[in-house]
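Shown below, as structure tokens, is a lone chain in the form predicted on its own; questions about how it binds or moves come after it.
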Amino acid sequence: MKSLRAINSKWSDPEVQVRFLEREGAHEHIPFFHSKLQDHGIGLLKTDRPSILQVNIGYQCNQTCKHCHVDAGPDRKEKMSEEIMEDCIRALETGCFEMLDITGGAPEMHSGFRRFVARAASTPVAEIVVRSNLTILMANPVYADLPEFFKMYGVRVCSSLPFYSSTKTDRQRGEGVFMKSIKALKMLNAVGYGMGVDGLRLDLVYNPSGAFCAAPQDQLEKEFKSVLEKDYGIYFDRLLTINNVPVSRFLDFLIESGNFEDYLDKLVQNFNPATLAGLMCRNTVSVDWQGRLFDCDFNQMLQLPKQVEGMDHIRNFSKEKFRDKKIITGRHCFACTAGLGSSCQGAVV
């Protein structure tokens, strides 16, 4: 099968990915997501009460991970303006969001990151989450004080760690990443994160290293905690498991390795209707670096915007308009509904 890079030299072009995922006749035995819902007597997926504002403030990152659905890296220049950050703050000030989830790229690399966190801390939002790749703490001395900064504002840190061994982690994220991550975790432990200190929550995020679904979250968490404590003296609070969604670099990997059809089949066979109530698209407002609104981070990468009249940008956000609206779905949605489910907050069942 032809590589997407051969189809279009600009790999981040979302139109190419959508055409491939949804092309009729190309994958006849793989149902469309809405057809699977209908088979289970379920109509359109619709939004519920908005409670999470997830903001992608830019695609620049100090790493270039093989599974990255954002296609982030050191050469990416897209970043959110301070004006749009203020639009996000105004949305938080409405009081309808319980959580601000800041992501990237490596969000810490944005020049306005610290100001954004400080401004958000003055709003009614109950929890601020930062998705950190850990190695950013080691990338430059300017980031070395981030654990103290996180502590100052009671930020919940969600840290990517694909596995508790160097082999699998480095294969997915780059040579030497595992040991840098261990050093960063020690820095976070040293200021109280993951040590049972109230308000200093440290979660690890697990993505499978290949074309398979994540094992049960509770089981993996026990393994991670046991090995990391015994071998490295590392402590954390929760492990969040996220199935890899066939978007961007992971989609490219599936195609080039000949695993696309098998992986989609696996996701479809493990479709679990019990996951639908807890899907992140039901209660999350996803904002890209330009302020545009999406049902989830993956739709954001595929440029499938939220279709609500008069609410195309965070500055026009309305909780009344958000509720009971159609969610844009596609074959990539099977990743979030397989097994125990998958979301940015981990398993959903």
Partner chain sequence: MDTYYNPADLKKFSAIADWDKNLAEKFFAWYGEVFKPGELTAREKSLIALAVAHTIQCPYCIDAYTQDAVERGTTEKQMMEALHVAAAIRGGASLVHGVQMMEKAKKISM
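Being a predicted model, the structure only gives us computed values, none of them experimental. Positions refer to the first chain, counted from 1.
The following text describes the form predicted in complex with the partner chain, which does not appear among the structures shown.
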- Any chance all of C61, N140 and Y143 sit within 4.5 Å of the partner chain in the model of the complex, going by non-hydrogen atoms? no
- Looking at R76, R171, R114, R201, which has any heavy atom no more than 4.5 Å from the partner chain in the model of the complex? R171
- M99, A121, L276, L220: which sits within 4.5 Å of the partner chain in the model of the complex by any heavy atom? L220
- Item | Per-stretch contact check against the partner chain in the model of the complex, the hit in 206-214, 152-160, 228-236, 79-87 (non-hydrogen atom, 4.5 angstroms) | 206-214
- Message: I'd like to know if D262 sits close to the partner chain in the model of the complex, meaning any non-hydrogen atom pair within 4.5 angstroms.
- Response: yes
- Message: At 4.5 Å between heavy atoms, is K266 in contact with the partner chain in the model of the complex?
- Response: yes
- Task: Examine Y164 and determine whether its closest non-hydrogen atom to the partner chain in the model of the complex is within 4.5 angstroms.
- Result: yes
